[in-house]
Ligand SMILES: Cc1cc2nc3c(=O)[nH]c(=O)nc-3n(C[C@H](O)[C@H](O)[C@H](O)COP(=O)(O)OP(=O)(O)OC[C@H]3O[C@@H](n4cnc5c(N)ncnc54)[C@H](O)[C@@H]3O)c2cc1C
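Below you'll find only one chain, the form predicted alone, shown as structure tokens.
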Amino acid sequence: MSPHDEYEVTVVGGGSAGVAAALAASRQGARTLLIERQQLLGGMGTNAMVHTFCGLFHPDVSQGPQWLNPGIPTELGTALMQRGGMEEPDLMGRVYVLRHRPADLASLTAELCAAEPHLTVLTGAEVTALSPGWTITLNDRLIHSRAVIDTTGDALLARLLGHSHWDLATSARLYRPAYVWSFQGLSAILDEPLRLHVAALIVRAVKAGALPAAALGTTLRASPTRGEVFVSTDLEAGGDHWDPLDLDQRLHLESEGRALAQAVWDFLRSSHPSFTTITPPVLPVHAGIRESARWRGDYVLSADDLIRSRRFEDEAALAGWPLEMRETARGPRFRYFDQPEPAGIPASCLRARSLPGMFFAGRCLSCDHEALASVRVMGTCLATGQAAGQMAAAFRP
């Protein structure tokens, strides 16, 4: 075994939570390895083309935009605003969101990681086994690590350890996946009247049979880059039979998303003069999975904790995004906190006492199905990832 296979902290999953965890651990001096199965870091914000960062700002919008979690969430959010040429985030109803270009997030996360001398990044790598201690089987290598952080989004490491360590909601309740793509070349400004007009055109086309029913949930949002537009839709993904851990179902979902993007692109070009010059769709690496398996930690964060803005003695991060429940493809149901104050996320949601040296963050932290509707967003994932990274760096067997 090469000494290069020994690490103090290993992070599995290079999305928002994983990047924040790796940066936090390495900045505390821990020799850190970040493993990502895709070629790009950034997770949903790059590979699934999720182009709005939610959960970065304080829920009290009456005071203007205020960063919610200090450290890496604020650092990365500020850098994205600068790269996008934005002076402030967008106020959408009762929340602030930060629009960004997935390409900017991909380059920024790569640059931040490359700047850390204690951090090694492996992309295109797949974890296939895990044994306590901790030893990770990675393709044809063995990685030994004092502490491990699971930020895979689907609790991969928990599933490798066995059923007693993870939960999964029933298929009928799982939040529906999103499919996001983009195009360039729009000849007009995508303002609200044009957005509403296009939405009405799509509804009429579905009723006339010119577009599939899945197009009903299609929404358009302007990029920070002029002429670029992101197109999003939620998919039923098999409804009561949807299983995000089933590879065949995931492949079918990708196929459905690609076909829908092509159909909507063809329709837009032929239905409105401002869209006649748009470029062919730029497709994501994969669909955006909103809910999958979650760890069972020492504490299970509940929707009631969030709604009541509960705070904890072992608080590790703050949540400020409302419960955005998407149990169907017909759009979200929002449930806001009782007061415009953030809720705490305790450190006990990021670890299990029975597994010393194992931590988890992001979409697979320990929470119930309803609470996940809030804490799954990328801004909150950055915050819990940062906390898990700091905890892992400080861990001693």
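These figures come from a predicted structure and were not determined experimentally. When you see a residue number, it is the position in the sequence shown, counting from 1.
Unshown form predicted in complex with the ligand; subsequent notes refer to it.
When the ligand is considered in the model of the complex, H165 lies well away from it, no heavy atom lying within 4.5 Å. Not displayed here, the ligand is kept clear of P284 by more than 4.5 Å at the level of heavy atoms in the model of the complex. In the model of the complex, none of the heavy atoms of S348 sits within 4.5 Å of a heavy atom of the ligand. For the chain shown alone, R101 is not a contact residue for the ligand in the model of the complex, no non-hydrogen atom being within 4.5 angstroms. Note on the partner interface in the model of the complex: the residue among G77, P322, P89, G153 having a heavy atom within 4.5 angstroms of the ligand is G153. Proximity to the ligand in the model of the complex, taken as heavy atoms within 4.5 Å, picks out 38-46 from the listed stretches 334-342, 350-358, 38-46, 22-30. Along 91-129, a non-hydrogen atom within 4.5 Å of the ligand in the model of the complex is carried by A125, E126, V127, in order along the sequence.
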